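Before any questions on how it binds or moves, here is one chain, the form predicted alone, in structure tokens.
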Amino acid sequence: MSRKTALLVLPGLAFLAAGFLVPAVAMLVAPPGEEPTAVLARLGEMLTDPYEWRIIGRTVTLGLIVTALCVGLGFPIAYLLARSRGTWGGVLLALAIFPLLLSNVVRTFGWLVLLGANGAIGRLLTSTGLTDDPPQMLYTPLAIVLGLTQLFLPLAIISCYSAVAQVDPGLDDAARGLGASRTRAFWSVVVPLSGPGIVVAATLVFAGSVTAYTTPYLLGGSSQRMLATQLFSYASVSVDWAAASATALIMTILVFAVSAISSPAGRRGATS
């Protein structure tokens, strides 16, 4: 790195350190009014509490389900977008990106309208005679999964699209010319070569799902606590800063662990 480049990067790094790294480390290690050892002590208590483990397990489980859904739904859409030609390709890509322009709260309130006791889905089920009373779909794991999947699906599409777009379409034609069906060419050529993009998409979606707050809070309520909503409860309701920092530390460890696992997978996909 040249000296001029270092001088250009230095202000941004200083701003990042002052505005993010220092406050984050201080909150994780020594929150206001707490001893430095209080966070580790509270973390030890939480890791021996079955209730906290249920919250951790629910967060990881729902995060994995949302990740699988987003990647499974997003990759075929990304493939369609990358192989679309002319004006339609740009229009479809804009439609895929458009949800990112809306607030998370707005998109989540849409699910409140759909999944509520008097919502559109409940009225449809009762009007068709499938059920006598509207089913309780709000404040369930299903509601959280639906909301988070809608929230992060555009992100998965964009991540996969950037990878699929770099795969030469001529490789598909070559595989079919050698006798492979369109489906086999897709699974044997496109998917392996798009591996790094799939890994990036999965990592981003999982990290976002386990740290999301608004959607689990509105759709899950207090009966379906996740780590982010538990952190908010510790920080704003019980004002237990040590517990809040310990919860944030668990979330940070989960994200870093997934990143550490996914990075080698992405490198292997890039060199395969």
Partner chain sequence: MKRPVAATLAVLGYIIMIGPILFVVATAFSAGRTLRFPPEGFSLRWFEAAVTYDPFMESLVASLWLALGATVLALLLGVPATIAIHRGRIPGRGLLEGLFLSPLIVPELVVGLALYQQLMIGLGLDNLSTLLLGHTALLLPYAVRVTGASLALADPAVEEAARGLGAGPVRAFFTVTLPLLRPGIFSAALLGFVTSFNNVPLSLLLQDREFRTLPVTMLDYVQQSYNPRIAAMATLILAATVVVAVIAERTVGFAKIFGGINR
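All of these numbers come straight from a predicted model, not from anything done at the bench. Residue numbers count along the first chain shown, from 1. The term rigid core refers to the most C-alpha atoms you can superpose between the two forms while keeping them within 1.5 Å.
Another form exists, predicted together with its partner chain; not displayed. Remarks below refer to it.
Trainee: Against its partner chain in the predicted complex, would residue 144 count as a contact residue? Criterion: heavy atoms within 4.5 Å.
Mentor: It does not: once its partner chain is placed as it appears in the predicted complex, residue 144 has no heavy atom within 4.5 Å of it.
Trainee: Answer with yes or no whether residue 231 is in contact with its partner chain in the predicted complex, where contact means some heavy atom within 4.5 Å.
Mentor: Yes, residue 231 sits close enough to its partner chain in the predicted complex that at least one of its heavy atoms falls within 4.5 Å.
Trainee: So in the predicted complex, does any heavy atom of residue 43 sit within 4.5 Å of its partner chain?
Mentor: Result no; residue 43 lies far from its partner chain in the predicted complex.
Trainee: Does residue 65 reach its partner chain in the predicted complex, with heavy atoms at most 4.5 Å apart?
Mentor: Residue 65 lies outside the contact set for its partner chain.
Trainee: Between its partner chain and 86, 171 and 261, in the predicted complex, does every residue show a non-hydrogen atom at 4.5 Å or closer?
Mentor: No residue of the spot touches its partner chain in the predicted complex.
Trainee: Let me know which residues along 240 to 261 have a heavy atom within 4.5 Å of its partner chain in the predicted complex, or say none if there are none.
Mentor: Those in contact are 241, 244, 245, 248, 251, 252, 255, 256.
Trainee: Aligning on the core only, does the CA of residue 33 end up 2 angstroms or more away between this form and the one not shown?
Mentor: Indeed, residue 33 is displaced by 2 Å or more.
Trainee: Once the core is superposed between this form and the one not shown, does residue 187 show a C-alpha displacement of at least 2 Å?
Mentor: After core superposition, the C-alpha of residue 187 moves less than 2 Å between this form and the one not shown.
Trainee: Please check if residue 109 moves between this form and the one not shown, taking a CA shift of 2 Å or more relative to the superposed core as movement.
Mentor: No; residue 109 is a residue whose C-alpha shifts by less than 2 Å between this form and the one not shown when the cores are overlaid.
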